[in-house]
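Here's a solo chain for you in structure tokens, the form predicted alone.
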């Protein structure tokens, strides 16, 4: 447990119920910075969160069985098929792919290697900006490496959930590293999304 997480527990013990805004203020950090810590402490059972009320100290000091189950599940076990286009695909065609496959994010590849990510927000900005979506390639509006958050297939589900929360994205590309002509490349082998994590939690709760 990190020093900040220990401090969060102390604050909640002293001032429960307390909101994330107040905890962030006392620690002089942003709410976004606290999200991963609060997610870990809540899922581990140490803190209890109640909507519109705040956080309580549950009295538990160890990771519970539910959290351990989540940690034991690998990304490769829950990942789904990614939506992929090439960087020269017109923005219009990429938008059609987005809606036909009912996804929020499309991964852009070159010979199977990850080079970019484009989201609904990116497409909306492009449309508002007045570009010719039939002529402009998706490579012109995508987010490029190294500004792409990825996960590996052998990482656990909790790690992926924390990354999604921390970086405020809808999904993450699941990649594997490989060498091509002496350079490290990232092959896209799947995706993990908010929906993937939600389905996992629902299944675990049913069990």
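The shown structure was predicted, so the numbers you read here are calculated from the model rather than taken from an experiment. Numbering follows the first chain given and starts at 1.
Just so you know, the form predicted in complex with adenosine-5'-diphosphate (ADP) exists too; it's not on screen, but the next bit is about it.
Picking from 46 to 54, 140 to 148, 24 to 32, 177 to 185 the stretch near adenosine-5'-diphosphate (ADP) in the predicted bound form, with a 4.5 Å limit on heavy atoms, gives 140 to 148.
When contacts are defined as a non-hydrogen atom within 4.5 Å, none of 157, 161 and 201 contacts adenosine-5'-diphosphate (ADP) in the predicted bound form. In the predicted bound form, at least one heavy atom of residue 170 sits within 4.5 Å of a heavy atom of adenosine-5'-diphosphate (ADP). The shortest heavy atom separation between residue 104 and adenosine-5'-diphosphate (ADP) in the predicted bound form is within 4.5 Å. Put simply, residue 121 is close to adenosine-5'-diphosphate (ADP) in the predicted bound form: some heavy atom of it is within 4.5 Å.
With a 4.5 Å cutoff on heavy atoms, residue 117 counts as touching adenosine-5'-diphosphate (ADP) in the predicted bound form.
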